[in-house]
Structures are given as C-alpha cells and as structure tokens.
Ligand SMILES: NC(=O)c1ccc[n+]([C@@H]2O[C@H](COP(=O)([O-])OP(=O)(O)OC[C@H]3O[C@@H](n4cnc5c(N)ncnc54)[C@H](OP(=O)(O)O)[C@@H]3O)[C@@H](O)[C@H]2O)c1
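Next up is one chain by itself, shown in structure tokens, the form predicted alone.
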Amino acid sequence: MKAIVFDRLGGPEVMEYREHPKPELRPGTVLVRNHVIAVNYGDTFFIRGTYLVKPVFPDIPGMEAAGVIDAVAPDVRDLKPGMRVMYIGMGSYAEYTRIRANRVMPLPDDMSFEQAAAFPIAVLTAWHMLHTCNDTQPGQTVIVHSAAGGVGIAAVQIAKAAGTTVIGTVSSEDKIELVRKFGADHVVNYEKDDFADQALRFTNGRGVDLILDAVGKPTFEKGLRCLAPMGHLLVFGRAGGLPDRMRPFDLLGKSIKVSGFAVTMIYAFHQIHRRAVEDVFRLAREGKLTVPIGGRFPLAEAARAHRFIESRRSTGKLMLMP
C-alpha cells in the first residue's frame, strides 16, 4: 500500500510517500481502507517526537480518518466488512490502517466521509471539554481560542447549542468573519488586541466561566486573569508554545481551576464516549454542527498540508485524499 512514512524526527521534510507493508490484523482490531484522512496540529508534534505518543521507526503519522472496514479480526463482534466508519488511531496517513475495534465508530447513512473524518478528534474533543470535563450551562460565557480551527469551530457551535455566550479568538483578521458565521457572539484577534481586556469588557468585569485553550504561552496567563470566580481554564494544546510554570496557590484568589484534556483518554469510559458520539451526530443531523473543510491535498502531498497548518493560515480541517 501507499503511505506517508518517516524514519527520523523533524519537520515536513522527513515525510516520504512510498510503498509500505499493508497492516495485518491482530486480535481486537479491524482494517480500514481510508477514504478521507484528517490532518491535525498534533501530527506535526508526532513527527518531531514531541507528542504524547512517540514514533517507532519506520512510522506513519496521522490520528483520524473515515473509510470502509476491509477486514475484522475473528474476535470482533459488532463491526463487519463493508461498514462505513470513522476512527481515532495512529497511522492514518495510509491507504489502510489497523485500528483497535473500540476506536471505531459506525457512521450515519447521511454523513459524508469528509465530515466523518473531521469529527473524531475535533468534534469529540470540543464536546468532551464542554460536557465531560466541564458542566457547561445556559447563560455562561465561554472563550474558544483558535476558534477558526477544527476544534475551535466545533466548540463554538456546541457551546452555542448549549445556550452560552461565545467569545472566539483568532490569530488574524481574515479569520474573524468565518468564526462569526459559525455563531460566535464576539471575535477577538489576540495578536492585535488583549483578549482578556475585551472579555472583561464583554462581561461587565465579571469574567468568563470557561476557556478552551489550544494556544498555550501567548494566552495562558491572560486567560487566568479574565476567568470569573469559580471559572475553569481547560488546556488541550500548545500551538504557541508551553506556558510558563504556574503556582497552584495563584488559583486560590478566585477559586479558579486549570485542567487538561486529550480525547484519546476517553476510551476507558465507554458510556461517556457513547453519549458524546450520539450527541454530536444529533447536532449534525439537526443542522447545528458542521466542520468546514479548509483544504484538500492528495496523500502524496501531506508535507505541503503540514506546512500549511503550521503557517497558522489554515481554517477548519485539512484533508488528505488517498
């Protein structure tokens, strides 16, 4: 099969499009023929060796895709060849990927492969941050950083569906209208304006109840400053670099909290995960949730897709086509 393979750590230059052995089934796994593969910022960390999961050379990047089940291991009961599915799992930058069965989610008949490939990480990350890690309620105010990205746009829509006021932040003026289009009540260019000052102004000095932060160093301390009493800052990325070390006792003054989230941790909680999948499919069916596709690239041009996402000019989700 064709795949993107890398044999050393580095940037997009280490990625090669070449022949690679087709994965063989193992107990508890399925083999998926990928139709659409999503690009995530975490993929750029993976090839550099700075992601939570470390590569084993030669390795294949990629964390999510949608396609059709090609084969299932004998001990897999609920999944069958020919089923349309989406999944979260390493090694998706390839024509075929072997995935643990519990990472595979059957698709509704009316969902396209493109939307399905955009859902597993971006949409489920957004949903779990708002409804598993936090008890988001109508009337609250939420800041969504990187609001023009895949997770950000999903979070804006899910937060609006929950009845909140949403402040989206972006890194350039040309992303503002897109975030407004998907429902944000306010949009701030955090490269140009102090989003914390703006958030305090929007809330008449009270502050915000929840911040979803994938940026890191440029936004973390300001986020703490504009949290309301009992507020929650939730970290799920560090595209702008690691924040400075925080002293836990700094949280006491307003009784605020800081936590982190990675969607791959949720599989140990089967009921919670099932509830999330059912709810995001419901929101999509009701027309309240969609992820815009910000670019499509042949699988052979995955390095170009990585350069684009690292430029911080991309919006929505970037897709690779095998």
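Please read all numbers here as calculations on a predicted model, not as lab measurements. Residue positions are given as counts along the sequence shown, with the first one as 1.
A second form of this protein, the form predicted in complex with the named molecule, is not displayed here; the remarks below concern that form.
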Is Phe46 one of the residues lying within 4.5 Å of the named molecule in the predicted bound form, judged by heavy atom distances? no
Partner proximity in the predicted bound form: Gly223 to the named molecule, non-hydrogen atom cutoff 4.5 Å: no
Taking the named molecule as it sits in the predicted bound form, is Glu310 in contact with it (heavy atom to heavy atom, 4.5 Å or less)? yes
Quick one: does Arg98 come within 4.5 Å of the named molecule in the predicted bound form, counting heavy atoms only? no
Assert contact residue (the named molecule, in the predicted bound form, non-hydrogen atom within 4.5 Å, options Leu210, Ile167, Ala116, Val151) equals Val151
Of Asn134, Gln140, Gln198, Ser171, which residue is found within 4.5 angstroms of the named molecule in the predicted bound form when only non-hydrogen atoms are counted? Ser171
Tell me which of 69 to 77, 198 to 206, 118 to 126, 103 to 111 has residues with heavy atoms within 4.5 angstroms of the named molecule in the predicted bound form? 118 to 126
Counting only heavy atoms and a 4.5 Å cut-off, does the named molecule in the predicted bound form sit next to every one of Tyr87, Pro292 and Met319? no
Does anything in 248 to 263 come within 4.5 Å of the named molecule in the predicted bound form by heavy atoms, and if so which residues, in order? Phe261, Ala262, Val263
